[in-house]
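Subsequent text provides structure tokens for two forms of one protein chain, presented individually as structure 1 and structure 2.
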Structure 1
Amino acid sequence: MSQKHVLRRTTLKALAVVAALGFGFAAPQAMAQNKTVIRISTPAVPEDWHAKMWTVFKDTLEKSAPGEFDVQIHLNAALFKQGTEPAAMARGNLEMSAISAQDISKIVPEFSIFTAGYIIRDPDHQQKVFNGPIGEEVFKPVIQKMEVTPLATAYLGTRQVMLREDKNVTTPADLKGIKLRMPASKEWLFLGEALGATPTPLAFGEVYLALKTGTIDGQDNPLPSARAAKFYEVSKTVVMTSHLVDAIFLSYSTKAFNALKPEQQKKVKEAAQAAAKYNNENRIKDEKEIVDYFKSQGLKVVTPNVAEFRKVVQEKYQKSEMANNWPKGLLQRINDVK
């Protein structure tokens, strides 16, 4: 073979490699460009139902809208710190998250009615309230003022108090002086105070260590979340206060949602509802069996005087500044939902 020939073949080979490489890089980029990216951030730990539900969301959407979306799930508050998700969504840095009533109340004060203890009776009551006319009405200012669009209501569970020491608790008076960790916002801290404790703000991800070292005396969470985050390993008592039938709202950045085609909006909403349904069913089932699990782990499970807790907590809320923001008649309407 002549030198000229060898050179030509080498050049052709090199061109082929460059072309292949070029394609290699270009193809995924083009794919990503065609897909709408949905970034999801949540402080939920992987074993918890409201973390797993996002995989249901992703799978459902992949089936109903194949190749249209690139759903990216970030657990453990790895992308955004707990409580900062709504602002990130409003700025367009995040498409989805499951936000709390406490997050919403910061911008929509009338929503604080749903942060009050002993208002929502049970998961069924919660779903009826948020999926009915009340939900439609209270979500309107959320969409307008917060620029996030709630798509489905997930039952986070019924919150119970857990303590690192062995203690008998009957009434709120027994929680006096207890450093009870609450998420860091004034609505959460008020709930801790209403329960009779000394509320201490801390992010969810820091609770395990704080219980272990004794920086805090206890925390409140639904029991499935306490199991998923292994809080039972560093607790001795569960007090079944059942003080908050908690919800989180699977929400989409309004700007990003409005940029979707109507049929995509419908599919995204359906996927969010499928995710919430998966979470709700599993969590409700879990809550029925979980007390036995905690007992098997050596924890003492105490049933306090719930009627007394309810009375004390409700009185504190009724007298609070927060209650001034509650729309007239809404409490009665919530109570009337059967």
Structure 2
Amino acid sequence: MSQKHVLRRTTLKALAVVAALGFGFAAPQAMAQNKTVIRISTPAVPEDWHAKMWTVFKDTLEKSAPGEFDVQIHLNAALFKQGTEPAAMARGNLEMSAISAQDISKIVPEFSIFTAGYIIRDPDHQQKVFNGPIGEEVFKPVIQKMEVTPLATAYLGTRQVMLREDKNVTTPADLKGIKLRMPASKEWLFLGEALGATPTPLAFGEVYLALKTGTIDGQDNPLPSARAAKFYEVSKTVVMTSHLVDAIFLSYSTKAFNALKPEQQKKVKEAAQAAAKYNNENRIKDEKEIVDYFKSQGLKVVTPNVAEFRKVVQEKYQKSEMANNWPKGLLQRINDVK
């Protein structure tokens, strides 16, 4: 065989290999292009249940709709800064995130009722409210005005009061004169005042030293946050006021959600609800265990007259400017959910 023929055969073989490789790479790319991409942005850190729940969402969706979706999870606010996710979803630059009642109330003022104290009683009440007729009603303006569609409600935590001194607290009157650290916004300061305390704005990072030195008499936070910040080292009493049962809403860009087939929408919603359920169960379990942990550290845990706290705080809210935005009768309807 001539050198020319050998060269020709070698070239053809090489081209065949390249073609084979090309087709090999093209197939996965084609498959990827057929998948619906779901980009998820969250400020949650990997250890948080709010981060882990997104993996549950991804795994659940992969089981119910294998090969249909490409779920991309971005933690630590790596894709979008916290608070900017709703606008990104409305623009179509992001498919999913978990948004807060505070985020929503900026655009939908009537939703501010869910940022007030003693509106939601506990995690069970929270789920019944948002998964029932009230939830369907209050989410409609969110879908219309914000262009995001809430799919499930995740429990964020219940805020409790911790005091640096040993004190029995039964009603809001027992908190009179107590300098209670609150986040520095008018909404938070109003809540502190409604609880009967003297609200004191202070950055979270300054709370430990302020409790130690007596600059403040107490602070309010979900118990997991208080344990992480070691506030139990400079506190003697935990008052289980349960004054704010917070939530975040697993939401999908309405534009992107409407582009899905009805069966896909159903599977996405079911996956979101599975993720929220996973988060809720684990967070509730954590909070119960933390109470025992604080007791083991020598703290006194007091359960006050929560019904009296709720009555006093709700009366103050109803007389405030904030309540002007609340739909008539909605507070009573929320209270009536059992």
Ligand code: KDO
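Just so we're clear, the structure is a prediction, and the values are computed from it rather than from any experiment. Definition used throughout: the rigid core is the maximal C-alpha set that superposes within 1.5 Å between two forms. Throughout, residue numbering runs from 1 along the sequence of structure 1.
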Look at both copies of the chain and name the one that is the form predicted on its own. 2
On a rigid core superposition, would F57 pass a 2 Å threshold for CA movement between structure 1 and structure 2? no
CA of N168, rigid core aligned, shift of 2 Å or more between structure 1 and structure 2: yes
With both forms fitted on the core, check whether the Cα of Y278 differs by 2 Å or more between structure 1 and structure 2. no
If the core is used for the superposition, what shift in Å does the C-alpha of K319 show between structure 1 and structure 2? 3.8
